[in-house]
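Heads up, the chain below is alone and in the form predicted alone; it's given as structure tokens.
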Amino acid sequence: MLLKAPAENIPIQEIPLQKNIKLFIKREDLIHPQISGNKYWKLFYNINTYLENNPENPYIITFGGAFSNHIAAVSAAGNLSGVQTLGIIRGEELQDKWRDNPTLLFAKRNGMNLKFVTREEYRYKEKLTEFLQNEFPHALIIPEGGTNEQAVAGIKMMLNNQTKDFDYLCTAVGTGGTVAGIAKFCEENQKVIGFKVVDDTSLENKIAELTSRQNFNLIDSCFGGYGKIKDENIRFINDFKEKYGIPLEPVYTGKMMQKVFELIDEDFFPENSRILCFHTGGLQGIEGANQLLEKQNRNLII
């Protein structure tokens, strides 16, 4: 069974501001209850193209960490498509603890097989990929985060007539595929801002390999590092949900929106700017984040 393209009318909600700037958020998180946001589009062509070629014994293999949105999405997509999946999980110590991890438990319930590898082994994913392709010659192997050329092509579907009238298009950046797709397919006059949630100096080069356009710039929104959650992040996310009724997760969209508000306060955007931020989903990660926060006796994400 192939993944279907959702309806084009994904809601765009305005975030009212006191300044003479218009801010909106496109709710890609509402695309699918289990494969949300940019993950749906990154997998769309990868999986459909693979299945359209009628592979013998179809099998999808990918990589991710303990709370990976990508692992969760691939497991759900495999379940939906009737294809067996394998997740290569960073951290051998999780071998006997996966039942306590909401993301990995979700993946297992979707039928995903999990193989836990050491962090050292995981670091050399090219070697791992080569080994896996030899062992499973008919398998589709999707890179960590899902970023490749087919993923970039899928991101094009986040853009439509609704998105053409904005001056700035904003997205969180992990592996670079989403910002590359937006930059590649947006209107000529639009400026694209990628909010880095990981301290990776190679991101610009990775994005340049996926699009020749130079209409984007990257802004640091790590707030201490990838996956690090500060009390200020929690306060922002909870206040945002209370004010606007929109849930945010603490790794990607939550940090992006916090940084966007900071930039607005600093007059980074010219007056009368129209800004569109993409909600890239990942809300499944809130449960795992709250597990860690509870152990640290800190406030939880609502």
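Don't overthink the numbering: it's just position in the shown sequence, from 1. A quick note: this is a predicted structure, and the numbers were derived from the prediction, not measured.
Although it is not shown, the form predicted together with a small molecule is what the next lines describe.
Which residue among 221, 175, 85, 103 has a heavy atom within 4.5 angstroms of the small molecule in the predicted complex? By the 4.5 Å heavy-atom cutoff, the listed residue in contact is 175.
Do residue 41 and the small molecule share at least one heavy atom pair within 4.5 Å in the predicted complex? Taking the distances in the predicted complex, the answer for residue 41 is no, it never comes within 4.5 Å of the small molecule.
Report whether the minimum heavy atom distance between residue 288 and the small molecule in the predicted complex is within 4.5 Å. No.
Please determine whether each residue of 45, 75 and 154 possesses a non-hydrogen atom within 4.5 angstroms of the small molecule in the predicted complex. No, none of the three is in contact.
For the chain shown here without its partner, which stretch in 228-236, 129-137, 166-174, 92-100 has non-hydrogen atoms within 4.5 angstroms of the small molecule in the predicted complex? Checking each option against the 4.5 Å cut-off leaves 166-174.
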